[in-house]
Each structure stands twice: as structure tokens, then as C-alpha cells.
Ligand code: 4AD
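Here's a solo chain for you in C-alpha cells, the form predicted on its own.
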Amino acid sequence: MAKLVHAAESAKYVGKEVTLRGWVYRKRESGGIVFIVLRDSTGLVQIAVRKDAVDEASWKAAEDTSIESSIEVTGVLKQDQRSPTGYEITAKKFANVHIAEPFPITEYQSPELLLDKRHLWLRSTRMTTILKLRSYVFRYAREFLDKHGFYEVTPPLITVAGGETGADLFEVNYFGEKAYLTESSQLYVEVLIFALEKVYSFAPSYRAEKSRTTKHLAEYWHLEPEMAYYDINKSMKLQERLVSYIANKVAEHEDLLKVLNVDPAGLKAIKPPFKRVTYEQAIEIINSKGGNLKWGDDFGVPEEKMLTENEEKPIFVTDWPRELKAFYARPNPKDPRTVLSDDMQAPHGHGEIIGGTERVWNYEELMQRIREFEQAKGIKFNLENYDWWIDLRRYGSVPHSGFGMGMERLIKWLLNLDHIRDAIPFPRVINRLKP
């Protein structure tokens, strides 16, 4: 019985009879031969079905098959440089598992049609490659943190407490009570440092921002580590080591990166330390390039591009104005206008990939920050929704820091994608809820 193998294993089975299962990637006919390029999860391999070398059922199946039909073939695998894949199977048996209808995606299609047919477009070589690398990015993020003594924890995604701002939340009806899809798991992750010291959550977050930029998603994957006894500087050192580790590991997948025209050398060069500039210095850099920012202004896409367009590695922007950061950010003892915070900006205008702060861990200071936040935002906190979190400052509080990394933004930068929607299988943006 022929051994069932994958396309990527072709080199190991030259001269042997094998069976492959997959889908029709390409098809052409020439003088009594049907040439089919089979696609499976590992790659491509060419099949030659010769009319005089197979039974009548196999020949008819080869003639009848169509693009994206699912197929099974048995034959002898050989090396053939004339084949577009370098290998060819001379078929002995060929069968259709399912004959596909005419495939709606042809060579040139609009971005909107590709989004409408996302469930089919994910089969493309480009998207398959991105999905593989996305899986590796997730693996390496966990791998790094696990190696450094972190525990993965699982916070709830339905909550009554807003995270960073309490605004732009998706409201849900929770058995008659008003609740929200979480915009950050940070508050719950903080709880766990008092039991496990160094923890991280890896889960979706949701933000109802009405943004149409190339870096915003309404649903994205959020890596959120939290560390007891870490100050902001120790946290930043961890952040740059984490990002460097992921980039260097992704660089090992040269075959996949080649498909996306990404130079592995650039990823291998991502090494600590990363440049650090204060918020005030960043404003000076941006304004020297034509920006028009003043103290207290946040950075938009054009400003982020001005700041990082000539950088080859991410940079930190530190010491943000206290009004631009959340109520849990600890005030800077050396400059009361600012908080102990960092944003990691990716090179070449890919935008912020990490936001971190040293947390307020003193009860009185936290209540003062909440009052400041209420006044600045013109809102009133429902402290009952946060009483469990405030309790942390009453029972054995410790200094701590944490950060959140948007995984799709990280992937967008590492793979140099034009739009963040290609960094996730099924993007949720302001004008798209399906498929």
C-alpha cells in the first residue's frame, strides 16, 4: 500500500510510490496528459496523469477536475526540473473527493471582493504563508515568557469594568445586566500577580473605535504580561527582549518569508537595546519633520511615521503626559506632568505595537488618579464595578508593571504588510462583520 505523504516531503520519497491528498491549485491539458499542481498544507507538487497509463475512471476524473477540487492521487514520485515545483508524480490512480464549482476568485480581484470571499481567499499562497507565520509568532511569544518563569492565565472576556478608558466598549446584555466585551484583560491579570508573581494572558480584546486606519481592528489578539516588583525600566528591558526573540525566531523561516519578500536579515538584526526617547523629545523630532504637535497631543498615523521612518528597530517613547494615559499609570516622581509609561513604536511607520506602564500600587494615590481621570474625561466612575480591583491596594500591595502587545500590529510590522486586516484570518473592522 502506498504511503500517505505531504507535498513538502517529496524529496524523501523520490522513486517510491506514494499517495497525496490535497486541492487543485493549477490545471492544464496537453496531448493526452493532464498536468495538475496539487496544493496541501505544506506546499505544492505537480501531477502528470497520462491517458495511456491510468484506468478509464482515473482519466475521466482528471479531465473533470477543476480548480480547488479536492483530490487524491497515487503514483511514483520523481524529481523533474521542468516541473514548476521541482517534483512530479506520475499518476497510477487519480480520484476526485469533491469537484468544486467554478472558483469565484481569479488572478486580479479587488480588496473588497477578497474580503467578501475571505473564507476562500485564505487558501491562497500569500494568506496561507501569513497564517503559518502568525502561528509561529504566537508560539514564540508564549515560548519566551514560559522560559522566563511566567504563568499563562485566563481572564474573563465579559466584564462590568472598562480597562484603559472605559469608553469605546461593545455592550452586551448579560442576563439582564449591562456588561461589556473587554478592551483589555489587564485589571484581571493584575489580580494574579499576588498569587503567581509573573503572569500573562493571551486572549482577544475588543474596541469599538470608529477608525478606518490600516492599523486598527475591532477584535484583535492581545498579549498582556504583568509582573510583581518590576519598575518601568525593567519592564521595557523585558519588552525589547521579547520582541527581539520573536523577530529572530521568525527569521529562521526563510522559505516562508521569501514568499512575502521579507528579508530575514532585517529580522535577525532586531537586538536589544532599543532607542529610548521621551514624549517631549518625540514631539521635537516630529515637528522638525513638518509636524505640528504641542504638549498633550497624541500621535496619529502621520506622526508615528515621521518618528520612525528612518529606524530599523523599534523605539520606545517614554514619560507620556498623565492626561494621555489611563488612571492606573503611576505618576513620574521626577516630572509630575508625566507618568511612568512607554509605547514601543515599530519602524517605518508601522505604529505602536506595545503600550506599558508602571502601575499605581498605593491606595490613596490610585483614588487620586481616578478623581483626576474623572475630571479630565468628564465622566463618573462606578467604583462598585472596580471594588475587587481596588481591593488589591488594600491587601499586601506591591510595586508592579505590565504591558499589552497587539499581536496583529506586531505581525503587520514583522511581515511588512500593507494593512492589518491581512494579519488575522477574519478581520473585524468598522464596516465588516462577515464572513
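Please read all numbers here as calculations on a predicted model, not as lab measurements. Heads up: residue numbers just count along the shown sequence, starting at 1.
Heads up, the form predicted in complex with the ligand isn't pictured, but that's what we're talking about next.
Considering the ligand in the predicted complex, the lone stretch of 32 to 40, 404 to 412, 371 to 379, 51 to 59 in range is 404 to 412 [heavy atom distance within 4.5 Å]. Although the partner is absent from this view, residue 353 contacts the ligand in the predicted complex, with a non-hydrogen atom inside 4.5 angstroms. Remark: residue 232 does not count among the residues lining the ligand in the predicted complex, judged by a heavy atom distance of 4.5 Å or less.
In the predicted complex, residue 184 approaches the ligand with a heavy atom inside 4.5 Å. Though the partner is left out of this view, residue 207 does reach within 4.5 Å of the ligand in the predicted complex, counting heavy atoms only. Interface residue among 198, 330, 222, 313 relative to the ligand in the predicted complex, by the heavy atom within 4.5 Å criterion: 222. Residues are counted as partner-facing when one of their heavy atoms sits within 4.5 Å of the ligand in the predicted complex; in 198 to 219 these are 207, 209, 215, 216, 217, in sequence order.
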